[in-house]
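Let us start with two forms of the same protein chain, each given on its own as structure tokens and named structure 1 and structure 2.
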Structure 1
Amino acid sequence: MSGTDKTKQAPLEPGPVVVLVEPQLGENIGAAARAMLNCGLTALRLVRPRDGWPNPKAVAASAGADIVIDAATVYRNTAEAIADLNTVYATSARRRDIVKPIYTPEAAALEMRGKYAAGQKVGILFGRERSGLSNHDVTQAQALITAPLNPAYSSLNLGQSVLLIAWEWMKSGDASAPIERPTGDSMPAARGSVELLLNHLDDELDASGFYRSHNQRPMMQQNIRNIFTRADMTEQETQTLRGVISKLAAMRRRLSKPD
């Protein structure tokens, strides 16, 4: 997906604070800001960005996520950046020799939702592009977030990492149905309409000699029924198919008449 519409950049809430610890490239900060706004997050904090701040390369890479870039704040160290937060999660691609709860992104997002709804300020720490978070950074968080990636290659760039967690945050509060089935102007078919279609089809198949074996007929009828009931048709589609059956049946009868 590409393109931006700045008129629509009005998230209802800032959500968790994203803290980038010593990010190196402005482009990566911009990519992280873009990922944040994709998922409705706007609170960005930077700890000692290597190339300084503000950074025009971050603005360009953010692809219009100005609301995030313009409000980003800079801190001298991680402790200052999280001082006002109630709960902090540290992201890590590897296991640490530190005793802390370890969450998947999905589980962390669900817990963050609960804490955020209760009025807590929540933050997520992301580390340096090359080395991630230091153990000192991790010890300042209450829990770790580790994504179940390919253990032989779990490296993500900064923008990907932010998007992974931000997406789970957005998904955890999304009330959309997991699957949408648009039906246009027609309603989903009533079971009775599907039954009439199946009976119509069965009668014409029988009349055309489709069921050649009496023993196989019940199984063939069941297979045909499964095909059509699984299709989740609309009322219009059932009517269209009945018209097709009628047309084919009329043609069969015409061809079967003796000259």
Structure 2
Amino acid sequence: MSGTDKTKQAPLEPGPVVVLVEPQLGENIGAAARAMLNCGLTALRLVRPRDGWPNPKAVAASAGADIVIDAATVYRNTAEAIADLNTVYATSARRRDIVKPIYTPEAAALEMRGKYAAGQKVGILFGRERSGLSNHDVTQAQALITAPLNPAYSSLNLGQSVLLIAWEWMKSGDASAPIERPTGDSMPAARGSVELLLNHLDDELDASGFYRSHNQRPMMQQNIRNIFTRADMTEQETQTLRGVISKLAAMRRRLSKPD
């Protein structure tokens, strides 16, 4: 009988995961949970909520969306929150100097629907109330979602942002025209595998002195990460590239050991 309680509480498929990165106000977390459940989404993840968790104000504002609030999980950083996800979208109200496809909520929902149906774990990142997602957060996503709103007044409340995406997800349930990006037989790698690859590369680049020669290390690092994230690799491909990196760096490592 163990585990049946959860099943009873969750008659819905969880749908895409909603990840709130450093949300500040409990009220907004509650409003997001309510909007999610309105549209049939139940998987909520929180990265470093400012006022801790659980948060009574979130419970109050969720207006009975307990199934979402009670199951919410907390993470120390965005990378951990998305480690098991295959495809991640980052919501953004503004243009970024980051080369990624930009979807309308509707187009994103259609694509998510297809990926979800194919068994992928999909997630959407939402940023802080005041400043949105950092470029570091955005870099970890494969694509951006930007709602075409009034250009003179485009900043949405956090709960409203979640509602727009969740609403389009709900609506896409009727449609059957997903935009597919085939990756052969296999799915995109778990984000954690990509992170391991990028850390591996970073370590080797550090050791080889690559970054020492650049005074713009963070920018350079972000650019490199962005390239590999965009490539939307399979698990096997991350393994292949790790082999590539190891081999390229092997001679240096063999040399530096005796030192």
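None of these values were measured; they are calculated from a predicted model. Whichever C-alpha set is largest while still superposing within 1.5 Å between the two forms counts as the rigid core. When a residue number appears, read it as a position in the sequence of structure 1, where counting begins at 1.
- Each structure shows the same chain on its own, and structure 2 is the form predicted together with a further copy of the same chain.
- Remark: with the core as the superposition reference, the CA shift of K57 between structures 1 and 2 stays below 2 Å.
- Once both forms are fitted on their rigid core, the CA atom of L241 lies 2 Å or more apart between structures 1 and 2.
- In the rigid-core superposition between structures 1 and 2, residue position M220 carries a C-alpha shift of 73.6 Å.
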